[in-house]
Each structure stands twice: as C-alpha cells, then as structure tokens.
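In the structure tokens that follow, a single protein chain appears in two forms: structure 1, then structure 2.
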Structure 1
C-alpha cells in the first residue's frame, strides 16, 4: 500500500494480464486488501511477459507482473473443480469487491457471473472488464490491446509526418489496457463510496473499447459539428505541432496559442519570424511547414533537449523534451516528488514507477512486493478459511490450488 485510504475494504481479483490486475492494483495501492487468484498451473499471463530481470524469463522475473501486482496477496485456485469453486465462494462471501476480466462465457460456465456472485454475496460490487463489455453482439469477440486500440478509433487518428498512406498505428506497450483498468478503478471507487453508506453493491460493466473512445473528444466534436472525419495527418493543419530533432534527441513543439509561438521565436532568437507573412498564424505555418521546418531544425540542432526544454519553459513556452526511460528515471521533478519507489525482494532492490497522487492528510508508506505464485495460500486458506495444512496438501495433489 502507498496510502491507507480504503482500510478494511476487501477485494477478490480473478484477473489476468493487465486490465483487471491494474484496476485491483490501484485499489491495493490505496490500502484495500486484494487477494489475487491465479491459475495453479502457471499463474497470470503477465508472469510470462517481458521485460524480465537480466533477460531471464521466469514466473517471478517479469517487471510487468511485479509492477501490476505489488501490494497484493496471492493465492492459487482452480474454480473449474467443485472444491475450487467452493473455496472461491467462501472468498467471495467475505469480500466487498470482485474484480475480473475473463470472457463472459467463461464466467458463466464457472458459475461466477454477476447473477451467481450476487446470490453468494448480495452486497458485492462486481467489476468486469472485457474488450467489448458484457452486452451487445461483440461481447464474445476475441480481442487484445492492439485490436481494442484500433476498433476504439485511436489508431486511425495516430499522427504521421510525411507519407500518410501508411497504416494506422497504436500507442506503445499496452497503454489502452492500462487505461481500461484505470477507468474501472474509478467506477469501482464510486461504487465503494455508495456501498459504504447503503450496503448495496452493483455490477460495473467496463469495456476496453469504450475506454479507448474517451480519447476521442476532438474527433467526435469535429464529426458532430462539422461533419469532418479526422485521419492521420501531418499536424492537422496546425504548426508547429511536431516532434523535432535536436543535438542529442528530440523535442516536442506543440503550441495551441499564438502567444506561445511568439514567445518561442524570441527563445530561438528569431523574433522577426513572428512578423513573417508566411509564418504569421498556425494555418499559414502549416501550409509553409516545408519552409519553416528546416529553419527551426537549424536552431534546434545546436542545443540539447534539456537546454531547449529549460529555455522554453523559463519563457512560459509549453515545450517538452522527448525523454527516454533512462531520462525519465533521472528526472529531478519526479525525484523531488518521490515518484519512483524501490521494492526489495531476495535482498536486492528494484525501482518501479509509483503513484501520481499525494494526500495531504495521509503519510505515504512503502509498497510491498508482488506475491510469488501461491505465496499466501496457507495464510488465506488456513488462516482465514480455517482449512488444515493437510487439506492444502490434498488440494495441491488434486490441482485445486
């Protein structure tokens, strides 16, 4: 946990890979108790996803898994077996929230869909995250982050310099699965607030495609009011709105107000460009970008990212340095806010991204490492549910845990 906010809230996570684990991580970071249920054979899929520490694959070596599952308790359980389902039911009975991201068909088959969960525990909040939601013709379609990004409409408007006939691309890593998990956490937190006064639960049906759609506010406004269909274009008739090379990397010069451009030409030492007929407003600069770009690049190439970033910001120009992960890890602003955290395991410490919020009334605490596969079986099954240690051995033999 980072902050003891949701003290006493109990969460069961039956999630895989990113969306549901990230939703539950956000709640765990806020002090809720999260019991993560994994398949006994091989655990969460993200355990098999790079990056691995020193490039050595292994269930306990994935940086992605460790990030997503810090601050949680972990058990293994197979609810396909009758005994497994019985144990699952016992866990749900004492929980407040049930977070999952499995195909609706599978949850129904396992007898763990909302209609069943509600019978087990009438006060449960069940947060289900799926590619297309629990209803509608796409509900059983196969998807993954790539497909969600494109079918949610962000790929089609990905920017492109030069040749716009190339294919639409998506943002890096698994950004939109993370965003879906984040959105699901927001929905769940509002429901926890209501549950704490009314004792009532509900079903929250989170769609990854719809989570992607919330990135389209400019697209939808243009379509709604002007009938325009946004596509991959070079800066959308607006310049500078570009990433430009500099001495040691790249900078992002994307301005919205003319005053920002006028301040920037001062920074570049070319105030006369503000009065140049060809460059005097955003539309003209876009039209004559081929002439303007080399002039700007001639200047940017003389300086480092950091120099251009600092000089611009000192003059209130909202320019950004295009930072590599290495540079992000060295960032003084983030360091001053203690964003990065260290987590110890097996005597060695690893740095992870922390959380972007700070609470004035609550002290920030150190997070705990993600659970090893089945690490808390004994604690939960014996300590909480009252099974004997010899039951655990039998469960293991029967592949229940």
Structure 2
C-alpha cells in the first residue's frame, strides 16, 4: 500500500482486464484490503497482455497485470460451481465493497447480482462497471475499448493533423478503460463515506460509455449551444497549436492568446518574418500554416527541448517538451518527488508509476507486488474462512480453486 487512509476497509474484486482492477487498485493504494478473485485455470485477462518480463509470455510476467494489481491479495475461485459460490458468499459477508466489471446477465446467472449480494450482506457497496450501464437498450451489448471510443463520440474528433479522408481513430492504449476505473473509484470512495456514517450499502452503476462522453471536452457543448458538430480536420483553427521538431526531440507549442504568440516571437529573437501580414493573428497563422511552419522549424531545430522550454518559461510562454517514456522515467521532478516505485519480482526490479498525490500527515508505505495466481488461497480460505489444507486439495482437484 501507499497510504493507510482506508485501513480496515475490506474489498472483494471480481474484475477482469482494466476497469475494475484499476478501480480496486486505487482503493488498495489508499490502504484498503483488496482480495482479488481470479479464474483457477488462467486468471485475469491482463496476465496475457504485453509487455512481458524479459519478453517471455507467462501468467506471472505481464507488466500490465503487475501494475493494475499491486497491493492486493489474490485467490482463485470458480463461482460457477456450488462450492465455489458458497465460498464466494462467505467472502462477501465480511466485505465492505464488491467491485466487478462483468456482464449483467453473467452476474445474474452466477447469482451474484446486486439483488443477491445485498441479501448476503445488506451493508455492502457493489461497484459494477459495464460498457453501457445496468439499464437501457445497450445494457447487454458486448463492447471493447475500440467500440467505447467510437460510440462515445471520441473517434469522430480524434484526428488533428493527417489525412482526413481516412477512417476515424481511437486514442492510444486503453485510456477509456482506465478512465472508467477512475470514475468508479471516485464514486466508491463517496459511497464508503456514506456507508461509514449511515451503515447503508448500495449499487454503483458505472458506464464506460458515459465516462467517455464526460471527457469529450467541448464537442457536446458546441453542438448543444451552437449546433456545431466538431469534426476531424487536418488544420487547427488557430496557430501555432502544433508539435514541432527541435534539435533532440519535439516541443508542443499551444498558444491560445495572441499575447503568448508575441512573447514567443521575442523568445525567437523577433525574426523579420514574424511581422508579415500573413501571420498577424491566430486565424491567419492557421490559414497560412504551411508557410509559417518551416520558418518556425528552422529556428526550433537550432536548440534542444530543454533550451526552448527554459527560454519560453522565462517569457511566461506555455510551451512544453514532448517527452518519451525514457525521458519521463529520468525526469528530475519525478525523482525529487519519488514518484516511481520499484517492485521486486523473480529477482528483477520492476519500475512502476506510484500515486499522484501526497498526504502531509500520513506516512507513505512501500507497495507490494501483484499476487501470483492463487498466491493467498491458503491464507484466505484456511486462515480466515476456516477450511483445512485437505479441503483446498479437494477444491483444486474439482477445479473450484
């Protein structure tokens, strides 16, 4: 864990891949005890996702799984069996929160839907993350990151520079699954506070589609207020609002106000072309960007990211370096704040992002590595639920655990 803010809060996670595991990770990082339940045969889907330690695929080698599941306890369990469901029920009885991201039909079939969960434990908070929510005509539709990005409207506006005749694209990686997990964690924290004051539980219905739409910037407002539909374009509406190359990488020049451009002109030493009528305001600079860009690049290519960044900071120009992963890991600001943490796994030290906050009056604790598949079966099933080791052997033989 990192901080014991939620010390004493007990969470059962029956999640897969990113959204539910990330939600539970945020709570585990705050000190809650999270018991992660995985399928006995193959575990969480993220165990099979690259990157892998030493580029060797394996259930214990996924970097994604390691990041999403640090600070958790891990057990294997098959709730489709009668014995597995009985054990699952026993775990829920002593839990404060139940986090899951399974299809509503599946949870109903398993007899683990909220109507059943609250009978098992009226106090429990059940955080359910699904692609479209627990209600509505889409509730039972299957989805993935690609579908969420486009049905949420992000793909329609996701190209700025390039060939606008090509199909829309989604943003990289699994941004929206992480966003849904973050939204779920915020709601769960609020519900934990309510639970602590009233003793009441509830179901939190989190929609990944709604999480995507919530982060559409101004596109919804533009249509609502002005009937304007934002679309992909190969030219920004004002300039500079672009990424430009420099001596050792790239910089991002995103000037919203005219005064910012004028200050950057001073940073460049006030070249003669900056006073050209074609570049006198942001709209004209955008219109004639093809002419302006090479003039700016001629200057930027003379300097490093750091040199341009420092000169710009001195003039209060909002310009930043475009950092690679390597540069982020080496960043002196991150080092000063001790943001990155090291986890030991099979003799190797793995580096992961820490938490983006600090508590002034609470000591930061060292994180623990993600659990091996079924690592804590004996601790949880024998130490807490009262089963014997011989029971575990029988459960394993019957594919219950």
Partner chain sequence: MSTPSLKGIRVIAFTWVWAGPWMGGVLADMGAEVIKVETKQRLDSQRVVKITKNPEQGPNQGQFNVTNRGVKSITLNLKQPKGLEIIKKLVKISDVIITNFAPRALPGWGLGYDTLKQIKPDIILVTLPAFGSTGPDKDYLSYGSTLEAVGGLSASFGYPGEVPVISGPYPSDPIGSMYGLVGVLAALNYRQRTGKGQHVDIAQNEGVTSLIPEVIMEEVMNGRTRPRMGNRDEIMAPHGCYPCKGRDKWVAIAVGTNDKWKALCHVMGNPDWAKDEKFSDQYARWQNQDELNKLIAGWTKDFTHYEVMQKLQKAGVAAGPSFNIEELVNDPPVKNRGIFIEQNHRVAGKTIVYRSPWKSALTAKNPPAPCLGENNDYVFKELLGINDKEIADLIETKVIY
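Nothing here was measured: the structure is a model prediction, and the numbers come from that model. In this text, the rigid core denotes the largest set of C-alpha atoms whose superposition between the two forms falls within 1.5 Å. Numbering follows the first chain given and starts at 1.
Do you think the form predicted alone is shown as structure 1, or as structure 2?
Answer to the question: structure 2 is the form predicted alone, whereas structure 1 comes from elsewhere.
If we fit on the core, is the Cα of residue 356 displaced 2 Å or more between structure 1 and structure 2?
No, the C-alpha position differs by under 2 Å between structure 1 and structure 2.
Is residue 346 one of the residues whose Cα moves 2 Å or more between structure 1 and structure 2, with the core superposed?
Yes, the C-alpha position differs by at least 2 Å between structure 1 and structure 2.
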